[in-house]
Ligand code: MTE
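Form predicted alone, single chain, as structure tokens, below.
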Amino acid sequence: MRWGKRTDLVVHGEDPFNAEPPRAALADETVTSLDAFYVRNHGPIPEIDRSLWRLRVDGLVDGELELSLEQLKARFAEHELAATLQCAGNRRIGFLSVRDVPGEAPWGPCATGTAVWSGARLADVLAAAGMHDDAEHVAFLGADVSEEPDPAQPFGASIPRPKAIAAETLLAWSMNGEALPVVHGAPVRLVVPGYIGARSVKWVERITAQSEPSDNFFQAESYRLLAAEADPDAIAPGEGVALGAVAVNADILSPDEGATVATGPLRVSGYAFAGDDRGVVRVDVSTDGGRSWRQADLLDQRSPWSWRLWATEVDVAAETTDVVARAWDSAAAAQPESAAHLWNPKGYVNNAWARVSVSPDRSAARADRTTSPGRRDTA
């Protein structure tokens, strides 16, 4: 597999390269391995000479900065943080049973991952440049150029000032204790914990303090929540809702969809995540379509900005069983029941109840019957 990734990734596109791991690769792992971390791109992965790379900081600042990687590391303290990134299109495949989402990759539940990021705080860099009080937004440009806009342009985004100067927002040069991989934005990427992955701009080369949000295509037109009846090819810049903080979301990682399992007790586990400063406070699991629920155990969490793993045990009957899960966050928000209530033309923010269907292992049941006490084999 390319870029040091697992060979069993689900590849949604080769160029641009977009891929997610299978459920099993994320199950019960508080930190996602580099070879399993999902990849989301809108253009070719740029080739950057680390020795020539420069980060420019400009806009509403007292003094513009231009920093090499060595200068960035030497001038600013390094901070480490475990944080989950989640694509805005995560779980989009759940919308396809409602209605097609043309032109968008059918992401499953694994366009998400948690890593330990290390780098400089964005707040420290902005303070060194002397960001003005009237700079309400901070915009970013990457080195990757996408053909999606017309004309083509680099990928860009912006975040509001309060998030930009928050202690958790990093300019990361390390991932899981190793130098940031090229496929994940080396030499430096932005990490905006609690926000959709699209705001964590990779291969970042320019930071601009400004009074308004970015007018980059991917901020003003692409990552927008549109009304169900809207035509995504005919929207005006700024139409719809700009996506920022991740809505409370959870999915089942084990067992896998369509798995064959033994009847009786079955361990069910997964992840739950709530964006911005909200935490996951409860996960419920049902095997009767939501008529009754079992509260799952909340497991390890590396930091307030990482997902919460959970697990519980359910009973599998002698027929196909649908296992359903939902999460609640600290603002008392819960996942809605149906993707039909959430469908939108770009297929963003599917945080409906998670569902997997499992079937009993009938061959095991037959084997049990043939070897039960009192039965005589007549071979």
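One-based numbering along the sequence shown. A quick note: this is a predicted structure, and the numbers were derived from the prediction, not measured.
Although it is not shown, the form predicted in complex with the ligand is what the next lines describe.
Against the ligand in the predicted bound form, the set Y38, C87 and S200 is in full contact: each member has a heavy atom within 4.5 Å. Put simply, Y223 is close to the ligand in the predicted bound form: some heavy atom of it is within 4.5 Å. The ligand in the predicted bound form comes within 4.5 Å of a heavy atom belonging to D144.
At a distance threshold of 4.5 angstroms between non-hydrogen atoms, K346 is out of contact with the ligand in the predicted bound form.
Put simply, W307 is far from the ligand in the predicted bound form: not one heavy atom of it is within 4.5 Å.
With the ligand left out of view, the stretch that reaches within 4.5 Å of it through heavy atoms in the predicted bound form is, among 279 to 287, 164 to 172, 190 to 198, 125 to 133, 190 to 198. Though the ligand is absent from this view, in the predicted bound form it lies within 4.5 Å of a heavy atom of just one residue from H137, R121, R302, H184, which is H184.
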